[in-house]
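Before any questions on binding or motion, here is one chain by itself as structure tokens, the form predicted on its own.
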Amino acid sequence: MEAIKIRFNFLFRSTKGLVLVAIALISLETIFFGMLSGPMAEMGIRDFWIRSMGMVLLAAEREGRIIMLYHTIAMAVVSIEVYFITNIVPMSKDRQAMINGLVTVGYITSMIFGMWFAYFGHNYVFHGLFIFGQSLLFFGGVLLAITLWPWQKKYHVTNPEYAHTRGGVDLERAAFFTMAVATLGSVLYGAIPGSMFGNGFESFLAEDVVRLPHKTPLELAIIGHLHIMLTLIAIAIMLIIGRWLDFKGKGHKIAMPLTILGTVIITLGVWAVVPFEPIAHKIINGGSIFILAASFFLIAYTWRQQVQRGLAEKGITQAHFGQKVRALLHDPLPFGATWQMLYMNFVVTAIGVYMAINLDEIFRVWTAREERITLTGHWHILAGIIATIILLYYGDLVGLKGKVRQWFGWVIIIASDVAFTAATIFSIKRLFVSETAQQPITNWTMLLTDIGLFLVLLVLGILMVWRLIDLFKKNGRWTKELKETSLDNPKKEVLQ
């Protein structure tokens, strides 16, 4: 019993344990419900899985099930980011424990009972528990925002290397606070239409209504909610990576105000979609420029540090271009986390801008199915890139070293980028190939996408098995990680 108690403390009271549980649950949910995907249906596995698991899947309720699935995964991802924030942003240990406890119980409750309600018959008690879990997660977010309040004097900074006001207010903490408040408001932006279900409002997928000439305010709110939540998740991971890599200097002083301003503008732009749809997207695009600029400052700083560190390890003082490149690539985890931010601009940002500019002239001429593929690919690729950044940071958090660190980092970077590049080409294939001649390009892009994603999942699976085996060891790595949580001193400040 004591052994179980100690392991429970590690899994649910330490940052590394909490992240491990969340990643494991996301993986299990993805595997379980991934059996219902198109490729599984083609192999005859889908029908067998439905019968053997006792699922109740009515065709008319498909959109609702997908929405429930996306929400449960997204809440787990948001919880992971909360764990990262409470670990790296200074706050008291008792407040850290309160926030982590609320979001953990919240997302797990929603995940279990939400998916039970959606796929195994509609027991509305379970739906109530799903909403209860969401409420706990929301309250945890409120407590996080209160804790991140940047005008607390004990968290003021004086180090000239970091962005702050003349009064000492930490602008990085202010950026975290702004992101948290924007997230809470944007949650309500989606929850209000959700509360209208059954009162003239039905569930739908955003990509299915994109060509409707007139959308209701509730439909616009849901579409806006989808976009802003994914954007804020991306902003959060950018701030987390900056904190991890000790982002500072002139770039930090510029990037933090840009992040705050960009977050506010994008959020207000999305919220304006309902009353001012014609101009809302212009506001959103304007805010996005500030966020992109901030990410470029972070990338430049990180790559410069990577080169300096790599050359120092080799004892090189006068390096040529090739040596600088090798130094930049010597550690795939910090390089990969920032490279994925840059790579995102090629497969997400550039495609989105091009699509917006040529919407009526090109994309609306296509069949609705082709535009739908482009839209869903756009959102899923961005979500996938965010997931790879989280995994790269987690790899460093658990202390991967040597060849294991190299293999883990480079497989995730290369395999995911191959998969996302192939998926992007597939989504825009009609730009350069006709419908009657598209089968060859469809075949090889789908093959590369499957191979790339398989390798990423394989590496993740190996990591999860390693952590599971370690958890059963009496003096495994997890015991050292548990001691790092300072559980014996709950008032100790987290100053990392």
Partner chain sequence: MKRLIIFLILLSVAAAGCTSVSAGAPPVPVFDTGADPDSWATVPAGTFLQGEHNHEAEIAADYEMMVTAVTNAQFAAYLNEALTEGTLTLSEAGVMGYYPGDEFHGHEHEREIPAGDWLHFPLNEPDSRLTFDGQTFSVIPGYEDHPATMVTWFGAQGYCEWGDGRLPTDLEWEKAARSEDGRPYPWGDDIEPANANFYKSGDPFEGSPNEVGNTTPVGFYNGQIYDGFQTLDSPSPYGLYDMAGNVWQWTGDVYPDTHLRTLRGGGKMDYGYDLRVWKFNSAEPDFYSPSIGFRCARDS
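Predicted model, so just to flag it, every value in this text is computed and none were measured. Residue numbers count along the first chain shown, from 1.
The form predicted together with its partner chain is left out here; the points below concern that form.
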So its partner chain isn't shown here. In the predicted bound form, which residue out of 380, 314, 304, 364 has a non-hydrogen atom within 4.5 Å of it? 364
Could you spot which one of 203, 92, 323, 288 gets a heavy atom to within 4.5 Å of its partner chain in the predicted bound form? 203
Three-residue site 122, 191 and 195 fully in contact with its partner chain in the predicted bound form at 4.5 Å by heavy atom: no
Although its partner chain is absent from this view, report whether residue 248 comes within 4.5 Å of it in the predicted bound form, heavy atoms only. no
Would you classify residue 450 as touching its partner chain in the predicted bound form, given a 4.5 Å non-hydrogen atom cut-off? no
Using a 4.5 Å heavy atom cut-off, state whether residue 213 contacts its partner chain in the predicted bound form. yes
Tell me, yes or no, whether residue 138 is in contact with its partner chain in the predicted bound form, where a contact means a heavy atom of each within 4.5 Å. no
Assert contact_stretch over 414-422, 77-85, 183-191, 221-229 against its partner chain in the predicted bound form, heavy atom within 4.5 Å, equals 414-422
Residues within stretch 30-65 having a non-hydrogen atom within 4.5 Å of its partner chain in the predicted bound form: 38, 39, 42, 59, 60, 62, 63
